[in-house]
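In structure tokens, one chain follows: the form predicted alone.
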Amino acid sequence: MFDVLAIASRNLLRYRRRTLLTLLLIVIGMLAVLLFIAVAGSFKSMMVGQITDSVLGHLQVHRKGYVASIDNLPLNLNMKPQMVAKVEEALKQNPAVETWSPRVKFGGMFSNFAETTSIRVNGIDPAREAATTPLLPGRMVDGEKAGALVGRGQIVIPLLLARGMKTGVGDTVVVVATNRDGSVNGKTFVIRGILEGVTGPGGRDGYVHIDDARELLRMTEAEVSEIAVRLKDFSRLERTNGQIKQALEGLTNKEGKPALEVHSWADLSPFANLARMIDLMTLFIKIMLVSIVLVAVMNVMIMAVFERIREIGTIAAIGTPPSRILSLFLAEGLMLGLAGTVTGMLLSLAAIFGINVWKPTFNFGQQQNLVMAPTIAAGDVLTIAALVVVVAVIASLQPAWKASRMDPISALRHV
């Protein structure tokens, strides 16, 4: 085996320029793929983190049919206290769940006593909401960031609303809402703070204390519109989603169907499509890498066979078996793949380290100066490396097979 590798290396060194050009193509392909995976993965993680840690949470539990009607924020599809208790019990028993936050959501009218506009109101438990969506307090652009996000009699309003209604921290406003029975109720609030949007200036979500929300809606029971869930490890999202669904299957409605639904953030946010697009682009980049390696190595090996026909005929004439000739050419492809992979991998890791030292920033929606910190898993590096080496060997197979099947007499006569 070592003899075959030694001969293969000498054969590659006989054509240094062609070998170096082929290696350069493989190295550039490796560098492009690993850098793209690291940078795109960093952006995707940052984007998902901003959405889940600022607004949605990792998972949400709703009553059946609520999400299908979520634009209307239907109060008749709130979860009753008995349902909430069973959901919380299921969440307590799941070791992957870190915390959760109950919410009461409704649409209302917001007035500064001079003008009126619509608003989406989230009734929250401030401490539990801050634990479930830890980036939410950081979105405060005006108002005291320390302490509870919102207290009794206070409201936090979106920046869009504050600008349009010309209201600020400390102003008194009125929120009017229609409860489930159709009666109209109003309650005054003092503006506690102003929140910027996550992805742009179009957000209309305000926050009040959950007890104030229930009082405004005249709820006789501690109903909940949704329960946002935060996991200890985001990578276990799909598994935990399935576990919670299974744990809640026993809760059925009058028709005997599941009474609750569990949705991941991807089911609730349009930005999930952007995340899938990043994954699709990563797949296309990998396909391009395979194509580059395949074409480059196959071209080199075909040329090597064509230029060494008489040499192949000579070694076949002196008794070298076809399997030995096959292994010689396969070894050349293997060494090209290994050399290009190792070099490309080292350069890629150095480039990723350099980007982390440089710490470039970018903006995502209203979030400014987010620091890019690209990382790549060892599994991804090893997978790409193995793919390149395997493709290099496969690309050598056809020329190697052709060389091993040459007739010695015809090969010796070749000019």
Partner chain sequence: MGLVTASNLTKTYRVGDIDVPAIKGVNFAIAASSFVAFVGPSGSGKSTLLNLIGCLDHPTSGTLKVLDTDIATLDRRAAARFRGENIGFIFQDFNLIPVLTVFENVEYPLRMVQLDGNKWPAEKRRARVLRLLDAVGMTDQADKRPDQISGGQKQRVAVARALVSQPKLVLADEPTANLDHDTAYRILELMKKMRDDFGTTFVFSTHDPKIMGEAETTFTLEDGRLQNGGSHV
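Positions refer to the first chain, counted from 1. Bear in mind the structure is a predicted one, so any value in this text is a computation, not a measurement.
What comes next is about the form predicted together with the partner chain, which does not appear here.
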**OP:** Name the residue from 270, 81, 322, 95 that puts a heavy atom within 4.5 Å of the partner chain in the predicted bound form.
**Re:** 322
Subject >> Sole residue of 141, 317, 295, 281 within 4.5 Å of the partner chain in the predicted bound form, by heavy atom >> reply: 317
Original post:
So in the predicted bound form, does residue 328 come within 4.5 Å of the partner chain, heavy atom to heavy atom?
Top reply: yes
Original post:
Does residue 11 reach the partner chain in the predicted bound form if we count a contact as any heavy atom within 4.5 Å?
Top reply: yes
Original post:
Is there a heavy atom of residue 404 lying 4.5 Å or less from a heavy atom of the partner chain in the predicted bound form?
Top reply: yes
Original post:
For residue 311, is any heavy atom within 4.5 Å of the partner chain in the predicted bound form, or not?
Top reply: yes
**OP:** Report the stretch among 238-246, 211-219, 128-136, 303-311 that approaches the partner chain in the predicted bound form to within 4.5 Å, counting heavy atoms only.
**Re:** 303-311
Subject >> Contact check for 4, 408 and 412 against the partner chain in the predicted bound form, heavy atom at 4.5 Å >> reply: yes
**OP:** Heavy atoms within 4.5 Å of the partner chain in the predicted bound form is the criterion; list the residues of 46-70 that meet it.
**Re:** none
